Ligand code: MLT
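As a starting point, one isolated chain is supplied in structure tokens, in the form predicted alone.
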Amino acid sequence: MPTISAVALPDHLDEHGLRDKVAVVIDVLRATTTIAHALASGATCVVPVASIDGARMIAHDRPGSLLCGERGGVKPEGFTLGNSPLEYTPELIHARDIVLTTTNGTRALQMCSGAAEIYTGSITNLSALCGLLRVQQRDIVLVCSGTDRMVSLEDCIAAGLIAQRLQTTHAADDSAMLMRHAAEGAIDRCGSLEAAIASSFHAKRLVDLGFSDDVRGAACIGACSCVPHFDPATGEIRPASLPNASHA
């Protein structure tokens, strides 16, 4: 039986140990939620970039692309869109390349470039993601992006829910079991998944910035059927081909 493990921060990764494994990068608030939503809304691809200057250069070299992202939750000057999934409407982004830089998620993606396959996970695409991982039967590493290099409760909850759903097909190591217990405990303590996500430090900061709808939307299981796949060779994230069992 393949294994599933987890890290609370990308800095905890053994990057050399990713070889032949599937990495799932998680940034619930909000990069990986936004990426899945953007692709589901018709974007051609998402190009994750670690730095603002790097994103500006890549967008300049891709005619017709949209320069998007955030720093500290806020859209940088000159960017077309920020990091709110609600901004990524089909009318604005259909058939466009999205060049995206965020504080946490895009950095985590770049750090996973040595993995055999790289997907992005969130709560909104949890069902489709787990369906894909279940049939692949490969060792998995869940990579929580964190917030400003500190552990984020919402990412750990998502990782725990993934480990929970894959318990019949993957053997969880201690790190994945800790995430699962943390998720179950937080949801039980708060009374619901939405309340557990909203209780996190990062969620409260986003609410203060006016993004309460993003926090609520990020807790909706099954809201998105897209599983983004990152190819480091091209630098692009595109929708993965899903098996028929992906929503089981």
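Residue numbers run from 1 along the displayed sequence. Please read all numbers here as calculations on a predicted model, not as lab measurements.
Another form, the form predicted in complex with ligand MLT, is not on view; read the next lines as being about it.
- Scanning T80, S175, T103, Q110 against ligand MLT in the predicted complex with a 4.5 Å heavy atom cut-off leaves one residue, T103.
- Scanning C68, L29, A36, M179 against ligand MLT in the predicted complex with a 4.5 Å heavy atom cut-off leaves one residue, L29.
- You can rule out all but one of 199 to 207, 36 to 44, 55 to 63, 181 to 189: in the predicted complex, only 199 to 207 has residues with a heavy atom within 4.5 Å of ligand MLT.
- Mapping the unseen interface onto this chain, G73 counts among the residues with a heavy atom inside 4.5 Å of ligand MLT in the predicted complex.
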